[in-house]
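First, one chain by itself in structure tokens, the form predicted alone.
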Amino acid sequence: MKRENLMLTHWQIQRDADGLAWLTLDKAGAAANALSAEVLSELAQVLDELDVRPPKGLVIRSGKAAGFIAGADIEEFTRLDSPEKGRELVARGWNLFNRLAAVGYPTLALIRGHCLGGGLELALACRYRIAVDEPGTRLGLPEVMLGIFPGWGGMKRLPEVIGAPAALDLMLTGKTVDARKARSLGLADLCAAPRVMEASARGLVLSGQAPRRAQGLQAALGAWPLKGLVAAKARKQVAAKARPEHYPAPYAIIDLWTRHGGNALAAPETIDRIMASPTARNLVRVFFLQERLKGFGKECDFKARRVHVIGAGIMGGDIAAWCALRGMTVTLQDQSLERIAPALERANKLFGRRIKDRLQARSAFDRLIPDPQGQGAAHADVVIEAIFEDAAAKQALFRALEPRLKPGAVLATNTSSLKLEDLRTALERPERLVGIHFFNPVAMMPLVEVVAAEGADPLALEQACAFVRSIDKLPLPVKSAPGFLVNAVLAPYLLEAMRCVDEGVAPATVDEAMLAFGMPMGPIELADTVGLDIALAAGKQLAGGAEAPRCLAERVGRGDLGRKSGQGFYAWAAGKPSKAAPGPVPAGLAARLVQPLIDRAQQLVADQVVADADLADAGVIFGTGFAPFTGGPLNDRKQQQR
């Protein structure tokens, strides 16, 4: 291949003997490709050169092992300090990608790894797309997760290619799809194996076939009058999950597609409103908080391949299943096969939901090995204790376990309420015990607290964080203290909600106050879901000796434990609560309910249980679902004080 003489920092362009141009993005000084202003400026230079000497075809690919293009450079969003800059940012990508879409030669995006946001918008501006069939390939327009919209052509081209209903579903939820799903949707023309991806790209870009477009009914749904019906249905679905005052971006996406064909520049007032919204600012903040959590353990070269979990209850069994899902060989120990069997049944359902390929699902199930004798402990890189919350039982287990562990293995407890300093007294090397505290349901909750007791081995903590990242969870370092961070802030919040019930406020009204605040679930329903007996026990440990709410103690006393018993504050059927109409919410109720959570979070930062306020916000958002649009409880308090 012959390289062009352009002076480029981030792109490389070469022409082969057939006249094809191969354009490779390898953003300098970055682990992943992002479309910064400089990267887009260089792409414009490349198109200038190709205007002068058009190739027979252009293939755009990535030079990064991490993927195709992760999207726009999010750092640039933090520097949008005027409406003009927001409009300029939208115009930059919109105009450039329109130019790419209009070139006279065929173009193809060769997508291997993540292709998100602006990366997919660039790919949509190409005539053809090939998605490489491997686990890391994901395509999507997740801008809504940042409180913004896909303004570089995604709102226009995605509906044209795959049809409006499927396109709106992707844009309004931020969901991503793998290579095979992209092919079935029509988003990718081909789904190719890595070994033939370049040959496939060459063949397709020179094929002369028409670009893929939605056909028949799918095409009709993107035109009037059916377009209005599609938009109305989309608004209804969004309204069921997100209130416009909290999350304006999905509503803006629907309006921009419906009224302006996806061209945000035709509605500059919408650009100004969305880009300057507190929601966008806070969701970008949450993005960077998540990136900070991902950085813990990143420099550690610890690689866990075998995991041993002791305790096949809900938590232990689901931790084991998740690790097997993420590719690890897992041994699951309990007193008998009968005790392990329910965990295997739940795991089989998880694999069936998460893995569409039956052979791969079977492979995951084969990696989860019942181990009543605990033989896997001697071979495991990570051993996680997840038995019932009894200090003496855990100490006895650690005493018997320690001599069997291989050198360098991480020894962890999933305790949610006991101090590590008490548990580790049974160990010859107490400094090796760390907490790896998952949340229920394991498959849904992204956060895992990595708990350090006084004098814990720093290497063991780093290894624990690296392990958590390797199973695609977010590690949050915390110090050993009652409730750590997440449970410690939840307890006073739940107790305050129940005190309101004691005062005569209906449970459904309490829940409605926090749903209107932006919580994904009300505190009373959450207590029912967790289990009222667990809420009572946690309250005794974390409430500083305060008396338990009467409504809670009475229900636990008569065996009404919430969802698991079928009756708590609500009657439960098929996993759902039956609620009465909430009625009017008293003024100030939400502020009253959330105040104990904020106070406790501030105290935990002051006590250095968590290192700083940003990490406290990250932990509460990813560990409790605290309204992300606020940027976190402590960030929300700062904004209110301004």
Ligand code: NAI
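Sequential numbering from 1, following the sequence displayed. Here the structure is a predicted model, which is why all the values come from computation and not from measurement.
One more form of this protein, predicted together with the ligand, exists but is not displayed; see below.
A.B. asks: Taking any heavy atom pair closer than or equal to 4.5 Å as contact, tell me whether A312 reaches the ligand in the predicted bound form.
C.D. replies: Result yes; A312 sits at the interface with the ligand in the predicted bound form.
A.B. asks: I'd like to know if Q209 sits close to the ligand in the predicted bound form, meaning any non-hydrogen atom pair within 4.5 angstroms.
C.D. replies: No.
A.B. asks: Should R339 be counted as a contact of the ligand in the predicted bound form, where contact means heavy atoms within 4.5 Å?
C.D. replies: Because a heavy atom of R339 falls inside 4.5 Å of the ligand in the predicted bound form, the answer is yes.
A.B. asks: Verify the contact flag for S277: yes if a non-hydrogen atom of it lies within 4.5 Å of a non-hydrogen atom of the ligand in the predicted bound form, no if not.
C.D. replies: Flag for S277 set to no.
A.B. asks: What stretch, of 268-276, 238-246, 312-320, 513-521, brings heavy atoms to within 4.5 Å of the ligand in the predicted bound form?
C.D. replies: Contact-bearing stretch, as computed: 312-320.
A.B. asks: Taking 4.5 Å between heavy atoms as the contact cutoff, choose which of Q541, T173, N440, Q360 touches the ligand in the predicted bound form.
C.D. replies: When the ligand is considered in the predicted bound form, the option within 4.5 Å is N440.
A.B. asks: Select from the listed residues T329, N282, T509, N414 the one whose heavy atoms reach within 4.5 Å of the ligand in the predicted bound form.
C.D. replies: None of the other options qualify; the answer is N414.
A.B. asks: Of 381-395, which residues get within 4.5 Å of the ligand in the predicted bound form if you count heavy atoms?
C.D. replies: Heavy-atom contacts within 4.5 Å come from A386, I387, F388, E389, K394.
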